[in-house]
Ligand code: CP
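First comes one chain, alone, set out as structure tokens in the form predicted alone.
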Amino acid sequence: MENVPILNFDSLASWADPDLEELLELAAELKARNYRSDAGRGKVLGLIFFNPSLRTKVSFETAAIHLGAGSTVIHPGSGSWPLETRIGAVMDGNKTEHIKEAVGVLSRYCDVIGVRAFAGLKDRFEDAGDTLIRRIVEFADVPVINLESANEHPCQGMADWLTLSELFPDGTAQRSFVLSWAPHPNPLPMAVPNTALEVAIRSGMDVTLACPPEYLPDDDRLGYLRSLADGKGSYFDISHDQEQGFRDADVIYAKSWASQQLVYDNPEEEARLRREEYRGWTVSEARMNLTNNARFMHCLPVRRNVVVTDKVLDSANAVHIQQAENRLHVQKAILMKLWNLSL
């Protein structure tokens, strides 16, 4: 019998626009119906969290319940064995089980495996290659969902895309989307900003990345984003002046991330820039007043009065809770697609 390729939801780049748009249409229908079903009865969703979670964990568990399926959650090293993730490792330390065996076993127990594994921000090449999620896809015999990896957060991206389509029911084309860097006490990965930019471009919006010069994505990512924009015939620009970037925007999406130029080679300087030099990049009411009455987006969790002020976050134009709710609906649609379930 010919092997059928496994359909994963590990990267938006591996899904064509029409397929993603079909997922969005399904998610919108599920949301409109407040959909519940027992179509997934007997299915099991396995969730592996190498990093903390609130929305991802609860929304996926809830999505499984709404489809009549079960779920199991694993936190390696906390309630389950610590997992070794390196290939060729001599396992004479505190790691009890190798990811290869763990994923092989879970493939026999579960019908889909979701994995959250942030960038470590210690090894440039490990992070750039999204090594851990790629290994798990290789070892798994069932579909794998990326719950946020070193470079991407496709489930958040789909929730953002659904939110944008709700904000602009007449279409997102030529609407102005600004992704703004914001300060934060800690260095954070680029998975969310990478994906937010990709989704905004793929939805046909005119996109501006507003960030200090040290906080640009790497050249490969910028090249990919520019090629997407060229294919869409849309606008992609970079501004190192936050106020200039905000002018006449329809959407402001705030997020913090670490300098890709400094976090691996000079983390002390990266911390100084983030905490001192660019503290003034907090999204404020005054800056939002420069926009075209823009909606404010954030993936959560958010540091109030560091990333964004209370006045902005508590305003009627803030849609971060709507984004969070939409995680549930798009993830329900993803599970239905991977499990071949119909409405």
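Residue numbers run from 1 along the displayed sequence. Bear in mind the structure is a predicted one, so any value in this text is a computation, not a measurement.
Omitted from view is the form predicted in complex with the named molecule, to which the following refers.
Contact with the named molecule in the predicted bound form, defined as any heavy atom within 4.5 Å, is confined among 305 to 313, 284 to 292, 27 to 35, 52 to 60 to 52 to 60.
Of the residues given (Cys299, Ala64, Ala318, Leu47), Cys299 alone sits with a heavy atom within 4.5 Å of the named molecule in the predicted bound form. The single contact residue among Gln156, Asn194, Ser256, Ser176, judged by any heavy atom lying within 4.5 Å of the named molecule in the predicted bound form, is Gln156. Residue contact with the named molecule in the predicted bound form: Lys332 places no heavy atom within 4.5 Å of it. At a distance threshold of 4.5 angstroms between non-hydrogen atoms, Arg202 is out of contact with the named molecule in the predicted bound form. Taking a 4.5 Å heavy atom cutoff to the named molecule in the predicted bound form, the one contacting residue in 305 to 343 is Arg327.
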